[in-house]
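For reference, the chain that follows is the form predicted on its own, supplied as structure tokens.
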């Protein structure tokens, strides 16, 4: 299992706060991170998931929303009123994750030389989605609170050298 310090997660937190402020005109506050399965459960109805690949580790990142929170973000981001998550609208989750991932990747590659590679997100959608990560490493949940409600990011990593 890869041991990561708090500084690994900071670019994801900073990227999320900046992305929501700029793209969705919404302030977010980070909550206290916890290991998946060891803290409160957070409902998820739409998630964007992206692979995390570097020379040192692999893993996944999932950006998870309830339907009301996602619709509020998309309403702000696109300046329209949406009542349902459509196939076209769900791409907004992937776009937000792309921006957050791009920020974190740039910071971690520049400051830590992680050599994190580009990746394309996929979308999961449905009632009570349970994200499953394909690595055997631990998953850290980074919760966020907005005026629209809570959402979270899950980051799961595994050391390639073990």
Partner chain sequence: MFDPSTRILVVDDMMTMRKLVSKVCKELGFTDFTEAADGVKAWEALTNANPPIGLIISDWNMPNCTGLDFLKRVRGDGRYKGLPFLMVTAEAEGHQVAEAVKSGVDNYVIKPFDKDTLKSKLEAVYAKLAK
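All values reported here derive from a predicted model rather than from experimental measurement. Residue numbers count along the first chain shown, from 1.
Below, we refer to the form predicted in complex with the partner chain, which is not included among the displayed structures.
Chemist: Please run the contact check for residue 84 against the partner chain in the model of the complex: heavy atoms, 4.5 angstroms, yes or no?
Modeler: Judged by the heavy-atom cut-off of 4.5 Å, residue 84 is well away from the partner chain in the model of the complex.
Chemist: Hey, in the model of the complex, is residue 22 touching the partner chain, heavy atoms inside 4.5 Å?
Modeler: Residue 22 belongs to the contact set for the partner chain.
Chemist: Though only this chain appears here, would residue 98 touch the partner chain in the model of the complex if you measure heavy atom gaps against 4.5 Å?
Modeler: Residue 98: yes, in contact with the partner chain in the model of the complex.
Chemist: Spell out, yes or no, whether the shortest heavy atom distance between residue 131 and the partner chain in the model of the complex is within 4.5 Å.
Modeler: Result no; residue 131 lies far from the partner chain in the model of the complex.
Chemist: Would you mind checking 60-99 for residues with a heavy atom within 4.5 Å of the partner chain in the model of the complex?
Modeler: Heavy-atom contacts to the partner chain in the model of the complex: 74, 76, 77, 78, 79, 80, 88, 89, 91, 92, 94, 95, 98, 99.
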